[in-house]
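Coming up are structure 1 and structure 2: the same protein chain in two forms, each one given alone as structure tokens.
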Structure 1
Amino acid sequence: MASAPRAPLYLGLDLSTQQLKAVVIDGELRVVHQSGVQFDAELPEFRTQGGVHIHADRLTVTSPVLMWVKALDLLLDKMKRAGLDFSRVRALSGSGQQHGSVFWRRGASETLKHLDLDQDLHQLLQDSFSVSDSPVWMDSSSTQQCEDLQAAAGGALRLVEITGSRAYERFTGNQIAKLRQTRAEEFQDTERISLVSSFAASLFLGGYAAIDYSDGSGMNLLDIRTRNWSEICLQATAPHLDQLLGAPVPSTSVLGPVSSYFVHRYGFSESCSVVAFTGDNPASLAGMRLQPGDVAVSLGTSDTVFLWLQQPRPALEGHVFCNPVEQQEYMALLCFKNGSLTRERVRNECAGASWELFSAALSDTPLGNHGNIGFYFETMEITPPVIGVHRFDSADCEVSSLSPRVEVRAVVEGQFLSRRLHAERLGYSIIPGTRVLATGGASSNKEILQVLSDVFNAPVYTIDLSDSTCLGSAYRALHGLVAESGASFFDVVKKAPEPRLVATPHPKAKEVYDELLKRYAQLEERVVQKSNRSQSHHRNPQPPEDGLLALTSA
């Protein structure tokens, strides 16, 4: 049934690595509109590949901040042309790729307050950023700053206890420390630092938006228990950093009404509320209505595995974030950098650049791939932190190539064995009744999901949209309006359609993959040792005190 012509709508956005997307839902939680802007294809003037620029050192990875602004201009124009009545939007929220940072130049807050209706945002804001290329989550160039932060905090484990993660190169605090040290002038000229999520919220607010607890947990700066910036981490990162960041807020906070620029230019209502934006993985948790016991596997640019956590469980691998929908609880996350782009590269080389042929190769090859196992860490991986492509035959001998169809199955099986291995190492296991909820671009591929189901030996479910981040943002917008009065997120979204079962494990899956997982673990150890040996050959470093040699980049 269509919604009444004046019935309220809720807008959810996602500013991710490769695109900016929007979903609009009505009060019955039905999707009434979807739009998107692909950075590479629709904003070619910024010359990005997969939404980013990889610098000559292969470690520094950035995106042009004005590309993101221009994408918002384009997206809103598209939505207007498609006939979306913005005046019905009661609340909006959004998400951004995690960890990325935006550096606002002195005076930018005044510019944001007085936006001229007749100009596009990207014209109005062209001088508003002290750093034009924002560091993003794929960056792994801040190894030194990670070591410094861990030393200041009293070791990696102590940092985990405070912030939920040991020091990671892509985490915002380490990127800020690097920028302060290497680009002092730009840093001096900075008035405010946003995450990608709070940056996007600032555009809608016409003023600086607060960072929410959940995305703030991906910075190595937030104390995830007190939900305040950690003094130790702030001091180790940059002077007066709390002023540059502003105070963090609960993820359900209403930050204020949409700015008059959006009211007059696009017809938003003056009372449309902007609810705090958060990270894309936390938003995805909301979009899939993940429950304790479920395991989410996101197959976007990055692959991530995440779960609902009642209490933080500190570990040197993976992350604990504040939960985006239940303020006193948490979520755990593992991130893998070599996800969709690696599958795409193998598709291009082995399956004629066609997902249909890629899927056919998966269907035509047997579970376990005749014992062949592959590691495809084409760029410096996060979990585990190694680089290199390695293929092994059934006798564990390293081989230089595999036939195209075997290579296709090797990349997908290898990735999912790794997701399962590292999730199990953190203590998470699939038990009868566990649902694996898949999302992200590659979750539209049934054959890939069949391999996921087989490797995890568990049923895989999806929601109707492969894009749970936008949907989660729209749900969060709706919840934000009533969260203050104590309404729970799950009560507000109880009418949402249940996830659908899309794959069940093959009867032989357990036998095949329990065995293969053991071999995968041993071979991964070999690959890590080999990579560490070649790194120490290049750099000859002293082993760090806490044994975290893995932190160092190639």
Structure 2
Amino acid sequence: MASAPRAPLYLGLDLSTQQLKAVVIDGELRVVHQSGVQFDAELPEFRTQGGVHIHADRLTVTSPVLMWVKALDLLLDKMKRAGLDFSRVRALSGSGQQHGSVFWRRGASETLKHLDLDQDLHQLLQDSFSVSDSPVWMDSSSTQQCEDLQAAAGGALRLVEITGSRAYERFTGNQIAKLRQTRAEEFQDTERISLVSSFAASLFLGGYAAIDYSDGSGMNLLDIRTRNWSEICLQATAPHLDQLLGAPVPSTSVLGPVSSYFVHRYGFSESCSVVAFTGDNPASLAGMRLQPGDVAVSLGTSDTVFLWLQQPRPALEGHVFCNPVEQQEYMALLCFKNGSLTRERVRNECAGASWELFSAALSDTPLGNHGNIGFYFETMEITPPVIGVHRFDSADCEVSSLSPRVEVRAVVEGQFLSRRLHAERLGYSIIPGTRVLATGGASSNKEILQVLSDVFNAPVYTIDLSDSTCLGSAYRALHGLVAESGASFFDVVKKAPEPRLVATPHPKAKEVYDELLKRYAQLEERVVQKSNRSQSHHRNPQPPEDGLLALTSA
């Protein structure tokens, strides 16, 4: 059914690692337009691979800022040629790959205010950045700055209590500290520092956009409880940093009307509102329409767990961010590297490489697997940082093997016990109405989802995750217009398609897995201690943990 000719539209953008995408929805939440620009293919002059430049040290990873600007020129031209009526767009919002930073040169704010309508943005802004290649989330070159920040904050756990995460190399604060120490001249020439998200919003505003609370929580600089910059972290990072960052704002804020450049060049309405942009992971939470008590589990190459939290608990693993759709609440993100490839290896070895036989083994073995528990960390895990396969019998004795059917259940139960244990350590708890939303490749296997439902003692629903980031940005644009009047995000998105119920927990699930979870936690501790004793104590740069980036930035 076509939208009414003048019905309002809402634009959502996502500036991810490899592409810039746009989704346009109408007031009924129907997608009416989609466009995208692939950086490597459509902007070959920037010579990126996967949207980035990996430097000779293999630790430094950057992206050219002007590539992102030129991608916006291309995207809007594509949308215009496709016949999109920009005058109907009432509000726009967007997301950016988390943790990346953009350094604006002195005088750039004046340039942004007075854009020449006859020129493309990338021509107008070619001299506006003091750093031409921006550090992005794949960068792991700031180990020294991480150690310095944790020392200044009073240790890793104290930093977690303040900022929601221990110090990570890719987090923006540590990248800023590194730039100040190694490229002092460029730093001196900087008048404003944006995140990738607030940089993209600045282009539309024609002035510097504020950083929102949710994406701001991925910097190791924001106090996630007061929602202000942390003085301790600012001082440890750079002098006068609060002036370079500007004051953070709620993620639902309307920042102002779209710049006259877009009104005259593309036909946007003068009254089109720019709603604060946020990070791609928070935008995904909005796109998945996670609710209080919900947990989203993405079952892919990495397994990622997204949580809606009322109150976070400080933990050295995972990340806690301010919630992008509910100002007083939180979201958390955990990533586990040993996901689908581990399940496939066990399928190949124990179920004749057949998913049917794998599923039959899950159906034929009892909840709790006769007390057998397995840990399958074939590559170095993120949470916990351990490598190796460990199997335990019902008496907690380590054994070298299990029967094939028991092994199949052990890998699936072990993975989901791990997801639940670490989610609970971040403050997650199962409440009445809790749902588990499953997505990713393995979410099509109903026996795997049944184990997920049993371990979490909650119903499991599947959701279609195509473009959840862009869609979340469009939903947030719509919500931003009514948020000040007190309308909740869920009021605004209630017409969106409902997730599909696929599994409900077995009546005995709670009894079995509450007990098994305690044993799993104790055995995990044993595995970690054994691993620590056998490994030398040197610290490697952490692998990227933003698991959903595998989905949303692909």
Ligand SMILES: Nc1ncnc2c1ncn2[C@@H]1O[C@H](COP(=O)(O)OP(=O)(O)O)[C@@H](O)[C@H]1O
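In this text the structure is predicted, and so the values were computed from the model without any measurement. Under this definition, the rigid core comprises the largest set of C-alpha atoms superposing within 1.5 Å between the forms. Every residue number counts along structure 1's sequence, beginning with 1.
K.L.:
Only one of structures 1 and 2 is the form predicted together with the ligand; identify it.
P.N.:
That would be structure 1, which is the form predicted together with the ligand.
K.L.:
Given a core-based superposition, decide whether the C-alpha of residue 293 shifts by 2 Å or more between the two structures.
P.N.:
Indeed, residue 293 is displaced by 2 Å or more.
K.L.:
With the core lined up, does the C-alpha of residue 257 move 2 Å or more between the two structures?
P.N.:
Shift of 2 Å or more: no.
K.L.:
Once the core is aligned, does residue 508 move its Cα by at least 2 Å between the two structures?
P.N.:
After core superposition, the C-alpha of residue 508 moves 2 Å or more between the two structures.
K.L.:
By how many angstrom does residue 303 shift at its CA between the two structures when the core is held fixed?
P.N.:
Comparing the two forms, residue 303 shifts 6.9 Å at C-alpha.
K.L.:
Residue 499: how far does its C-alpha move between the two structures, core aligned, in angstrom?
P.N.:
Comparing between the two structures after core fitting, residue 499 shifts 2.9 Å at its C-alpha.
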